[in-house]
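Just the one chain here, laid out as structure tokens, in the form predicted on its own.
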Amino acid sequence: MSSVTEYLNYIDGKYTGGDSVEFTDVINPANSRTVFKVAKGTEADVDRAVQSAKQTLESGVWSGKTPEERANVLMNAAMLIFLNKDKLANLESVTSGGTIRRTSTVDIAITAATFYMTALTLKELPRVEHAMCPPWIVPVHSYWKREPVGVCAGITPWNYPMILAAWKIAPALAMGNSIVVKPASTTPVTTLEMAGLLRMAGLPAGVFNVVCGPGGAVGERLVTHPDVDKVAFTGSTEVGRRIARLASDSIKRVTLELGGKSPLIILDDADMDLAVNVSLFAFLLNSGQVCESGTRLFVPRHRQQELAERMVEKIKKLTIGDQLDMATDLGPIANAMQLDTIVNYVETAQKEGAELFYGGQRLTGGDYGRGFFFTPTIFINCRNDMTIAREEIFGPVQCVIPYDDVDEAVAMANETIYGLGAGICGKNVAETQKLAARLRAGTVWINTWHMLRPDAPFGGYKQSGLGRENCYHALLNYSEVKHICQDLTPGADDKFFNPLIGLNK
């Protein structure tokens, strides 16, 4: 008998192995040791989960509740997440590689706040909106209300499993939908734990389901399932394109939060101490595995050397290692495949003429031997047309691109297929605000980075995605609008349409 904890899929309010007798190993990326085994779902498991979600939706046991009743359950969930924060943070760190210092504070806070703020926003969302009926118009009463989209599918990535699951679960539930979530195969545990917490919070069985397994089987079955009405996906732009194509066959509603190659423009008047810290935070949080990481650093040409040198001074003081140690600043890369991707991009950069200023190699030997660790890496004198400046690396690699005037920097910043995040460092408030308006990105930070709020919309321009998550924008994405129009004239002879086709003869 295995001493490793086994997790089952969550369908119709209970944990179940379904048809699967196979388990997937979930490993700790710091040492490659198996820490959990998770049931490998099948297409039949997806069908059962969707059927449960649909039956529950149609029963009205959740969709028929008032907004206040649903909001109370979401608030209960927020409280339970805080009460279980130590366990959830540990599970998140050991499986994803995120440092415990971050998961136990920021990740827990954002996850709980997502449920709480969604509940507050739901209470403020108008239940019914009415149209005016001026006296010169046919006397009709028109009003519209929001109803659930139906059965939703959420497909989440491995970099921030808990937060990004909450961004889909909370708004879907708030608007009365049922949802089936497929977490990444390498990091499904915290989503499975949240299923139990939501049940404790008062969510009826069948409203929330989790099926783990590979994207090719479980994910694609969800996206193409005839009873799934909406798909929400966070991940690479390449996979997002495929999901959009698959969903289009049945015209499913789609929310896509995809890749980025976010630019950070350092202005000539920027405080250099601040510029160094923002530049480092922009590309090193979670070892660079963040969709809106600031990985194109535009700096005045005459300040490039100074900025790079001061960044390296701080990098050398960072502790890289065991993500479960509170003293660790940077943990491992989340999986072996991603580590190989980073190595390949660094090699490509050097072949294309980027100047390696610091780092550029995997950490090996000693405590790093069996883990997936990579040194923070800085390239200088990069060009905006280089592969490392065009494609998302998803690792701790910074591309420093010198510029000669601000208009040139803005043009290069916008010259990308992506538009998820962008940022500016500078002292002149008016100037930074003007530049923010010129940057084509869903979020623009000024003198900060990675400030994602549950009460503010998040999403991207261009090929960084479709729709927005968080705030009331997410609630709108998870609902349909129904216009109801009632003619108030009393009899058949009074109708405005009679003379249009001769019905008054």
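Quick note: we count residues from 1 along the sequence shown, nothing fancier. Being a predicted model, the structure only gives us computed values, none of them experimental.
One more form of this protein exists, namely the form predicted in complex with a small molecule; it is left out here, but the text below deals with it.
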Original post:
Phe233, Arg242 and Phe394: each with a heavy atom within 4.5 Å of the small molecule in the predicted bound form?
Top reply: yes
Original post:
Is there any non-hydrogen atom of Phe458 lying within 4.5 Å of the small molecule in the predicted bound form?
Top reply: yes
**OP:** Please run the contact check for Leu420 against the small molecule in the predicted bound form: heavy atoms, 4.5 angstroms, yes or no?
**Re:** yes
**OP:** Using the partner position in the predicted bound form, report whether Gly97 sits within 4.5 Å of the small molecule, counting heavy atoms only.
**Re:** no
**OP:** Would you please decide whether Phe372 lies within 4.5 angstroms of the small molecule in the predicted bound form, comparing each non-hydrogen atom pair?
**Re:** no
Subject >> the small molecule: the contacting residue among Thr377, Thr328, Asn159, Thr295 in the predicted bound form [heavy atom, 4.5 Å] >> reply: Asn159
Original post:
Among Val73, Ala184, Val149, Leu122, which has any heavy atom within 4.5 Å of the small molecule in the predicted bound form?
Top reply: Ala184
Original post:
For the chain shown here without its partner, which stretch in 109-117, 242-250, 339-347, 83-91 has non-hydrogen atoms within 4.5 angstroms of the small molecule in the predicted bound form?
Top reply: 242-250
